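Take a look at this single chain in structure tokens; it is the form predicted alone.
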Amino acid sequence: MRRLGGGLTLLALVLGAGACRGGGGAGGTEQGQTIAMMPKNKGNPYFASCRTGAEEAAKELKARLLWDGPTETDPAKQNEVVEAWITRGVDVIAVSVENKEAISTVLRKARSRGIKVITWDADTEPDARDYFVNQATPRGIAETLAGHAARLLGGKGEFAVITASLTAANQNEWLRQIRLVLAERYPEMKLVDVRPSDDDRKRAFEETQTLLKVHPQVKVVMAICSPAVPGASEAVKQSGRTDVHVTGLGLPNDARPYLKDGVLDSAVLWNTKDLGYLTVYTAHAVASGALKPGVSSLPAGRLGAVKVEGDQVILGTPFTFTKDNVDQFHF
């Protein structure tokens, strides 16, 4: 496979939804592990590519993988699925958390029943899980995104953010870190608005149209969830505002046409397939006892030894797609 700088691997996007099994069945490993993994939203291509990596890892480990979650962003549905997994008695639950306050209670319940709990992509309250699989450090994401915005603004001016939802734990932490980076490095830049897209491209388009009208001085729109990148880019394109640029966290296939026409300056992302792959390896290691307090690295198949910092397993650093390199990638 083609390797990206920073250790990322080119991945193929395979769409899918619904519950599934990886390689093996009940009793497929020495521990008879069943790993139950939940995205925020099964319909999001970001999570579909995570699932591809998760299935790959489950096959290698001969584990049973259950994949289920809301078809649209819905914290209550996440709780319902976890309750079902508790009743079923799975070995490990791995959740990309939509609302950490809403789900923490049921995750604590799972742990009280002897089920190992990890989070991935977006975290919950620390006492509600054993480990968090972090796609990149919030500080690293914030520095990368703020750096792109600063370059586009010349270090001063107004920008706005399109997020997934106002309760999304990971996006809120990224925003907190972005504000810290602004204070430390770019005091003449101002974040003037944060609008939710509900992980929906059409909603991102509409919210971007609105913020450009409400904040005409905004010169950069930062979209920090993958469906928002093409949504915001299309809104800026249709507005005719050639003085406004978009940057954010997005998939290269979605970003490509907007990178090519110059509306989208840059798209930042980690390897989503590797995130799903590492999550299953982490779940397997937690259930088997191989990953426990004090461990500083985790053997993770083709990823090699992955760094463990306290109760977080770190995938790596983000990569920036531009008009000059995006044709190398197809996911």
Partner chain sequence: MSLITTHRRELSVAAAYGVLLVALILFAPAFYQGANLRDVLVGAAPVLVAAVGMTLVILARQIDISIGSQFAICAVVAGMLAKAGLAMPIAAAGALAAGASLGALNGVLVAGFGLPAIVVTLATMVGLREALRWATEGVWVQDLPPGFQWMGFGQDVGRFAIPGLALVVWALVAWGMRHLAAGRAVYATGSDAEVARLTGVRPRRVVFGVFVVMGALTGLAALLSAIQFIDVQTNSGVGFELRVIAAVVVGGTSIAGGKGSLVGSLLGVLLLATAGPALTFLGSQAYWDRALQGVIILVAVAADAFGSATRLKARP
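Everything quoted here is computed from the prediction, not taken from an experiment. Numbering follows the first chain given and starts at 1.
One more form of this protein, predicted in complex with the partner chain, exists but is not displayed; see below.
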Task: Contact test, all of R195, F205 and Q238, partner the partner chain in the model of the complex, heavy atom 4.5 Å - done: yes
Open item on the list: With a cut-off of 4.5 Å between heavy atoms, is P257 one of the residues that contacts the partner chain in the model of the complex?
Closed with: yes
- [ ] Give a yes or no for N44: in the model of the complex, does one of its heavy atoms lie within 4.5 Å of a heavy atom belonging to the partner chain?
- [x] yes
Task: Any non-hydrogen atom of D200 within 4.5 angstroms of the partner chain in the model of the complex - done: yes
TODO: Please check if E158 has a heavy atom lying within 4.5 Å of any heavy atom of the partner chain in the model of the complex.
DONE: no
Task: Location of the partner chain contact in the model of the complex, chosen stretch of 267 to 275, 300 to 308, 44 to 52, 283 to 291 [non-hydrogen atom, 4.5 Å] - done: 44 to 52
- [ ] Can you tell me which bits of 210 to 230 touch the partner chain in the model of the complex, meaning any heavy atom within 4.5 Å?
- [x] T210, K213, V214, P227, P230
